[in-house]
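Starting off, we have a lone chain in the form predicted on its own, written out as structure tokens.
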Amino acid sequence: MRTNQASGAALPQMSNESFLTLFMVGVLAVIFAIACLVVPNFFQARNVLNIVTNNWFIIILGIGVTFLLITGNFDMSVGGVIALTGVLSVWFCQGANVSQNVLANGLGLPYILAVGLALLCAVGIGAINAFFIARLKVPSIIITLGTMMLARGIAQIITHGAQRNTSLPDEFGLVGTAALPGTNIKISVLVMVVLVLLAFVFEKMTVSGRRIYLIGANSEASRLSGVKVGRHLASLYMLSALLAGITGILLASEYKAGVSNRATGYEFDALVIALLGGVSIAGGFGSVLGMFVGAIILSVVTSAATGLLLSPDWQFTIKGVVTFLAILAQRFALDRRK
């Protein structure tokens, strides 16, 4: 607590987490101002809306990745889970024995049942992660890279290395393409907003949410104080896989196709936006709100690079440089504050 020398009253001090989130909002404002100066017509209402809404899938992934990073663990399997869930939802829905083309034939299940089974398979990947990490104490980055390849490999087997996009029922594409009445905002964006709000409430207002920080700060001390560390980690890994599965369902519905190489590299983008938002890679520090700010920063940089007609190679390089500078700025700001 700080004290006001004139009145002697104690003033609440802003936490490092809140300070860093506000600092990254300032970084976002600076980057956005620079983009407005160098990119023609960047400051337009439609473009600003696209910046917020275009990366809904990375933000949904970032929720689970953020929670696990706060505990000091990684989840690099989310990209593979997206591909697997999307492919399974298509395969389960495709008509049975309707064509001589093997990629046009599926199991002919109703859409709701197909989606439910696909999400169950996604949670199964999370359960595999949880078993090896929480029970067998295998490093999370090793296991989740393995399950990423496992999930994507199964998707490639089902699609024969191509994609499945025929013999689908009409309702398959509804949820991914539907928009809010009178707007161009897709239902997927609304799902993202609801999930972020729920994650924020969970993080700040529930006992389980606060225990995530305890586990990240000191896992052994948390265990000795009665926190069931293994159970919490297992729940978070299955939650992260479920969020990846929901993303896979929405993307497959949007494009009406199950593609085995979909979401390649998304796990790294989810990690980047979490780090940009101030989540500590060592655990015990960070927030979903910060992750959301990090996602907008990355979206502004990507949109600006596209507006400047830069090649994908240059866009990738610029994103890397901006990420590096933003994280350095975070460390500098926290060190100066101390």
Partner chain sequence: MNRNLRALTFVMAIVLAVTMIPAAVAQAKPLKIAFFVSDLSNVFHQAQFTEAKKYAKAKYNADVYAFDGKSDGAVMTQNVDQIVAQGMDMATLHIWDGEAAKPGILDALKNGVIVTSFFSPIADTGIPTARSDEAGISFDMGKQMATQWKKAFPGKSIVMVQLGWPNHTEVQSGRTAPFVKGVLSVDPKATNLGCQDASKGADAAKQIVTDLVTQHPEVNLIYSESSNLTVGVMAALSQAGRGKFANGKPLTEIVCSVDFDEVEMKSVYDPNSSLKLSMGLPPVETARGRIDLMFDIKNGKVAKTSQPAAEKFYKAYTVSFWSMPRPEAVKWLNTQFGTSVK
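The structure presented is a predicted model; accordingly, all values stated were derived computationally and were not measured. Residue numbers count along the first chain shown, from 1. We call the rigid core whatever largest set of C-alpha positions still superposes within 1.5 Å between the two forms.
Missing here is the form predicted in complex with its partner chain; even so, the following discussion is about that form.
Checked against its partner chain in the predicted bound form, the residues 107, 113, 193, 149 give one hit for a heavy atom within 4.5 Å, which is 149. Put simply, residue 97 is far from its partner chain in the predicted bound form: not one heavy atom of it is within 4.5 Å. Residue 309 belongs to the set of residues with a heavy atom inside 4.5 Å of its partner chain in the predicted bound form.
In the predicted bound form, at least one heavy atom of residue 156 sits within 4.5 Å of its partner chain. Taking non-hydrogen atoms only, residue 103 approaches its partner chain to within 4.5 angstroms in the predicted bound form. Checking 59-67, 270-278, 40-48, 22-30 against its partner chain in the predicted bound form, the stretch whose residues place heavy atoms within 4.5 Å of it is 40-48. Interface residues of 222-252, taken as those with a heavy atom within 4.5 Å of its partner chain in the predicted bound form (partner not displayed), are limited to 251. Superposed on the core, the two forms barely differ at residue 40: its CA moves less than 2 Å between the shown form and the other one. After superposition on the rigid core, the Cα of residue 314 moves by 2 Å or more between the shown form and the other one.
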